[in-house]
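Below sits a lone chain in structure tokens, taken as the form predicted alone.
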């Protein structure tokens, strides 16, 4: 259960000790305790200067108490027996005042769902990184950016998770993460670079800065380009954003059961190009996460789209009972939201980025998207804007920069018209929080709708 790491934020022995003080709480039929610890250091820079360093350490224990079919949760930031018992008492009182959950499936038992194992994507050097070490990385990044207006972050963090319950769940995992982002603004154009891994020594901040600088320099002198439908090459950052919103549009079983998922009526049907295999896979080499969900159910790889064919949604313990399937270990921590695919991996293809571009006669190269919103979940229709490097492609060659576009397009339509998949994968950390991530290659898409242009 434990691994030989210098020090995770909350050792599982301490989490177990805290949980055991309430697992047989008087008046409760069942108790579940989830303990999460994190240590996060962020160095921010703007105008090519370090402007802020923050360090945040957090511990939270979620105590879920069951009495009959009434369930409630209380939270404490202290793991001693006194605070744990007060949290359990608060949860029990709240449960007694709540409406019965007529569909309550009970807590999952390892004898039924299996015993969870950890991924342990944990690196001691990343966990122990100091403000001085992060500042040194930023200094090298700023030197590589060669610009007076460079901004972004360099972040290192460590996270631990333990789940224990009166039904017999007893599991732990931990991961570290290093993330760098870099925005270069030359005054006439902007460029973007980023990198992330569970290990600090695998993050190349200088390379991210050089990519950002190259995009910004090439973006000078942008001109208008016609709106409408274009052949495009989407770089991995743009692809990752689309996939994250596709997950929100219905990869979870609750949306499927509620009739709000794009997967409704699609199982076994061709939903994307044959080269598209999209899975939730925390076990992938580039993923960063834990090997179980927030109920301690083992997390499985689920190919929601397998070689273009729709399979089915990810599930948790509750929704798997409804669908009469095995749980895949994707409980989000929220009964209202349901299971969630938070570790997306789009399988690599066989083309280099240059080869993807060479297949475009007249189209666009897109670095990334921002200001993205969902217009319609069942059809996966999104709107948003291109950013930090949009370029014309003519006869297989990247030309000059064009002004940014606002797009209105369905993610599924983009995946259906995909004609090429890149062989280089890039990993992306979530914009908010520390849980999850996306692994994606570049794509060549034959038909992508740009509704309007901007002045920059």
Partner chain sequence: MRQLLTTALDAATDAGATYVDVRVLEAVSESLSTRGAIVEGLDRSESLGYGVRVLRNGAWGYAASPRLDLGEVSRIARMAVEVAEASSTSQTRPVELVDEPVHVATWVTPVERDPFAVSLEEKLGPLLEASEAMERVKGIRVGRGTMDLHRQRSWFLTSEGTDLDQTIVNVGAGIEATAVNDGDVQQRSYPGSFRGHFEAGGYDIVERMDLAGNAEQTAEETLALIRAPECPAGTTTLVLDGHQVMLQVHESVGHPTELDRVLGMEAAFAGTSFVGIPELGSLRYGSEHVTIQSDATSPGGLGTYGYDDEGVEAQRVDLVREGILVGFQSSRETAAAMGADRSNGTMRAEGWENFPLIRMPNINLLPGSGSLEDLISEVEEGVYMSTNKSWSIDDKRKNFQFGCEIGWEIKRGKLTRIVKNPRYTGITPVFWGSCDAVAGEDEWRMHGTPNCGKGQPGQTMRVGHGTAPARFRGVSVGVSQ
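Being a predicted model, the structure only gives us computed values, none of them experimental. Residue numbers count along the first chain shown, from 1.
There is another form of this protein, the form predicted together with its partner chain, and it is not shown here; the text below is about that form.
Every residue of the trio 98, 139 and 374 has some heavy atom no more than 4.5 Å from its partner chain in the predicted bound form.
Within this chain, residue 207 is remote from the site of its partner chain in the predicted bound form, having no heavy atom within 4.5 Å.
Under a 4.5 angstroms non-hydrogen atom cutoff, its partner chain in the predicted bound form has residue 44 among its neighbouring residues. Put simply, residue 224 is far from its partner chain in the predicted bound form: not one heavy atom of it is within 4.5 Å. For the chain shown alone, residue 397 is not a contact residue for its partner chain in the predicted bound form, no non-hydrogen atom being within 4.5 angstroms.
In short, of 282 to 290, 333 to 341, 209 to 217, 297 to 305 it is 333 to 341 that has heavy atoms within 4.5 Å of its partner chain in the predicted bound form. Site annotation in the predicted bound form: the residue of 243, 119, 357, 183 reaching within 4.5 Å of its partner chain with a heavy atom is 183. Only one of 202, 115, 86, 321 lies close to its partner chain in the predicted bound form, with a heavy atom inside 4.5 Å, and it is 86. Along 63 to 80, residues 71, 72, 73, 74, 75, 76, 77, 78 each place a heavy atom within 4.5 Å of its partner chain in the predicted bound form.
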